[in-house]
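Encoded as C-alpha cells, the following chain is the form predicted alone, with no partner shown.
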C-alpha cells in the first residue's frame, strides 16, 4: 500500500481507532478497580472510563453478567461506528474481522439446538458482531448438509463451510470438528487477504495471525487429549500457517500429554520465554489454587504484547484488529475483577492481564 495515499481513505479512521486505544484502562485505573469492595464501588470507578454512559442507568446491585454485556455493547458501538464510516478496502478488512464472531455464533446455535435450548435465549447469547440475516434459521437444521444448503450458502461463511460437508451428523465431536475446520479456513483466507493489501499491513497482520494460528494449534492439541479424535484427524484441523507450521505441527499431531506439548513449544524462543513458570495444568486467570499462571494466561499476555506493538507503526490496517483484541482483553480483565469482588475472592483480584 502506498503510504502517500493512505490518509485519503484511512486517515480519519486510523485517528479514531488510535483515540479509542488511548481510552483503554491504564495501570492506575486498574489499581483503583482492584481496591473496590463492592460492585457499586466498581461501577463508580468505571464512571471515569469510556464505559460510563453504558453503565449509568444500571440499577444496583450490578451483576457481573450485566457488566459484561454493557462493556461488550461499548465495544460493539465503537466498532460499528468504524464500519459505518469505512470505505474499501478498510470496510472489507473490518468485515473479515467479524467472520470469527460469525463462526462462534453458528457453533453456539448448533450446540444449543442439539441440547434443545430455547432459540430466543440462544440468539441473545450470540455476539452482536457476528450476526447475519439467515442466522436464526440455524436452529432448524438437523444435518450438516441442511445447515449449508438452507442457511449458510448465502452467508459470508459459505466458502469456509464447504470443507465441513464431509461431517454427517451434528453430534458433539463433529460440531467441534466443524468449529476448528471453519476457523482453519477463515484464518488462512484472512492471512491471504492481508498479504494482498501490501506493506506494512501484510507484515503486521502476518505476525498477529501467525500467533493466532499457533495458539489454535496448541489448543486443538490439548483439547483432543482423551477424545475419540484420531491423530490424523487432529493434524487436519491445524491452520496451514504460523511459526509452528509445518515442522512443529507435525510433532504436535503425534503427542499424547501436556509435557510433550511443552517440550515442543520450548524449541521456539518466543514461546520458551512465555512458558517460564507456567503450570500446564492450571486453569485460566489465576484459577489455580497455587497461584500458577496457566498456558492460556500466557497466551493472552503474549497477544497483548503483539497488539500493542502494532500501534508502533503507521499507515496499516492492523491497528483496527489490534484495538479490538485489546478491548476484548480489557473486558475480560474487568469481568475478572468484578467476579473476584462479588465472590469475595480478593486474594486473586490482581490475576488479570495488564495492558497499559
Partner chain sequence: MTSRGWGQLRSRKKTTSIFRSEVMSLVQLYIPSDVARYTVAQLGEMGLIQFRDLNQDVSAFQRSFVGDVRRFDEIERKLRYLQSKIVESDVDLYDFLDNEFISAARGPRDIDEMEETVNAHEGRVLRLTAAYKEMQLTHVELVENKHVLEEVSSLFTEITGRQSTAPTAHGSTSGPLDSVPLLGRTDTMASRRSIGSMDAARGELAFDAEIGGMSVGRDINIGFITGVISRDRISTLERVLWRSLRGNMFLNYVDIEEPISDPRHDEPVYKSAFIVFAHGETLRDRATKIAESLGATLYRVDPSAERRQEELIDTMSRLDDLSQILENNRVARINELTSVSEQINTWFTVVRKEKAVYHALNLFNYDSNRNCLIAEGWCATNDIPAIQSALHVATEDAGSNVPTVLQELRTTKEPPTFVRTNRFTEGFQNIVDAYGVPKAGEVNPGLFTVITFPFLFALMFGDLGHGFLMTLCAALLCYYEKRLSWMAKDESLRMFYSGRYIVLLMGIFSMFTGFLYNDIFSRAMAPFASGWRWPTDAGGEGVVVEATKLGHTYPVGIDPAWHHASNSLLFTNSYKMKMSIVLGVIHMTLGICLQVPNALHFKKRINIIHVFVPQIIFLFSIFGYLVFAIILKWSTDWYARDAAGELTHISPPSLLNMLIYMFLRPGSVNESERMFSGQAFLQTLLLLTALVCVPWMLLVKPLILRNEHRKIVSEGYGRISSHVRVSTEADGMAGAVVLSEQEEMQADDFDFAEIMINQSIHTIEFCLNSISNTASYLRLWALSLAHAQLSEVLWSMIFQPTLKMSGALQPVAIMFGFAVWFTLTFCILIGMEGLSAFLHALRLHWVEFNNKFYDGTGVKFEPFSFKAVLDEADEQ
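As the structure is a computational prediction, the values presented were derived from the model and not from experiment. Positions refer to the first chain, counted from 1.
What comes next is about the form predicted in complex with the partner chain, which is not displayed.
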| item | value |
| --- | --- |
| 4.5 Å heavy atom contact, residue 154 and the partner chain in the predicted complex | yes |
| Residue 36, heavy atom within 4.5 angstroms of the partner chain in the predicted complex | yes |
| 4.5 angstroms heavy atom contact with the partner chain in the predicted complex for residue 26 | no |
| Heavy atom of residue 32 within 4.5 Å of the partner chain in the predicted complex | yes |
| Sole residue of 230, 267, 150, 203 within 4.5 Å of the partner chain in the predicted complex, by heavy atom | 150 |
| The unique member of 69, 301, 63, 44 whose heavy atoms fall within 4.5 Å of the partner chain in the predicted complex | 44 |
| Heavy atom contact within 4.5 Å of the partner chain in the predicted complex, the stretch among 231-239, 186-194, 115-123, 212-220 | 115-123 |
| Contact test, all of 58, 133 and 140, partner the partner chain in the predicted complex, heavy atom 4.5 Å | yes |
